[in-house]
Ligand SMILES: Cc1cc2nc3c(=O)[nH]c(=O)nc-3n(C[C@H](O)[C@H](O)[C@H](O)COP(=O)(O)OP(=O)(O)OC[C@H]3O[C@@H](n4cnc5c(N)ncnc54)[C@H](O)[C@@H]3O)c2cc1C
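First, one chain by itself: the form predicted alone, in structure tokens.
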Amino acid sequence: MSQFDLIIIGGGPSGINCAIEATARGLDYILLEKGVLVNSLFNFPANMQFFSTSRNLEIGSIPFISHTDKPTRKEALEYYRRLYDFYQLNVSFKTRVDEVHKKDEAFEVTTSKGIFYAKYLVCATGFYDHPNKLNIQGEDLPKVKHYYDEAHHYIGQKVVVVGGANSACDVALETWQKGAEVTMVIRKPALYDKVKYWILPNIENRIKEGSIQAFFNSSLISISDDKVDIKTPKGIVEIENDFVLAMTGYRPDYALLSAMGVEISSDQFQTPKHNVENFESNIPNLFLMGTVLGGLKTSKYFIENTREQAETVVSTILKKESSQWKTPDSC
């Protein structure tokens, strides 16, 4: 039987940070990752550059060295690989979590590689694996992508980019610069006002000069093999199309959270219930870490402002363990 003090679900930065802290504090743990190390970062666009500086992304007391102030995806992948190697983290890769049950004082976690048990559980699953769907006809066609890879695929192609925030603006500019004919479909009357300051003027100017066509207050309503239909304030517009890149954002794995018994707020942000002091959920001994804490407000938490959570969570676990071993005379 695979029995541990702690099971960590999710091998992103928060999960790795928790594993490092557990290693340093002597907890017997295993980290379960359904893909590869930092799987979400691995699936980021090939040429992505972080908004934060490398110093603000450091965890585990290991320096993050990058060639410029803001590191690239490639540099980040190497950094987390070095953390994994330096701390000899106990990670089970390609391990999909299917079910989680609380049995007596232990969590039973059923996975694609067997069943694991632990008294404490940390869910650090982020949100990047679950895109917000358009829920329209044709969304399941191969030409529709919710994740952007690199611009080379779209040279000489007619591309529709859905969305008006950072990812959509990045994708629209990069594909246009490589020779795509780009059309943006934006639900709101303007681009997101917090688009990266070095991107916003560029995309606004490209739209203004007509290099990139943009439909504001509009939505995609259907997709076919060679065209799309756009609902605009002036009526339905049909345009020829080769690819749809739906940069519509992502959401936490609510199915997993609900299956574990975590309560979700009923407001617009659908935030998982947790203690803001120690990140323990409404289920005793089940902790939430990282971006999953923000629910649909996916910009609330990121690596830079969640680095202290691992120490808090592990300290809380050790305090719980210590209090259970106190004798009556020591209380």
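The first residue of the shown sequence is 1; numbering continues from there. The shown structure was predicted, so the numbers you read here are calculated from the model rather than taken from an experiment.
The form predicted together with the ligand exists for this protein as well; it is not shown, and the discussion that follows is about that form.
Q: Give a yes or no for residue 314: in the predicted bound form, does one of its heavy atoms lie within 4.5 Å of a heavy atom belonging to the ligand?
A: Outside the cut-off, so no.
Q. Is there a heavy atom of residue 69 no more than 4.5 Å from a heavy atom of the ligand in the predicted bound form?
A. The answer is no: residue 69 has no heavy atom within 4.5 Å of the ligand.
Q) At the 4.5 Å heavy atom threshold, is residue 269 in contact with the ligand in the predicted bound form? A) No, residue 269 stays farther than 4.5 Å from the ligand in the predicted bound form.
Q.
How about residue 9 - does it come within 4.5 Å of the ligand in the predicted bound form, if we only consider non-hydrogen atoms?
A. Heavy-atom contact with the ligand at 4.5 Å: present for residue 9.
Q. Just one of 278, 265, 52, 282 has a heavy atom within 4.5 angstroms of the ligand in the predicted bound form, so which one?
A. Residue within 4.5 Å of the partner: 52.
Q: Select from the listed residues 256, 89, 134, 186 the one whose heavy atoms reach within 4.5 Å of the ligand in the predicted bound form.
A: Here the answer is residue option 256.
(Q) Looking at 59-67, 269-277, 22-30, 294-302, which stretch has residues with any non-hydrogen atom within 4.5 Å of the ligand in the predicted bound form? (A) Of the options given, it is 294-302.
Q) Counting only heavy atoms, which residues in 39-60 are within 4.5 Å of the ligand in the predicted bound form? A) Residues within 4.5 Å: 39, 40, 41, 44, 48, 50, 51, 52, 57.
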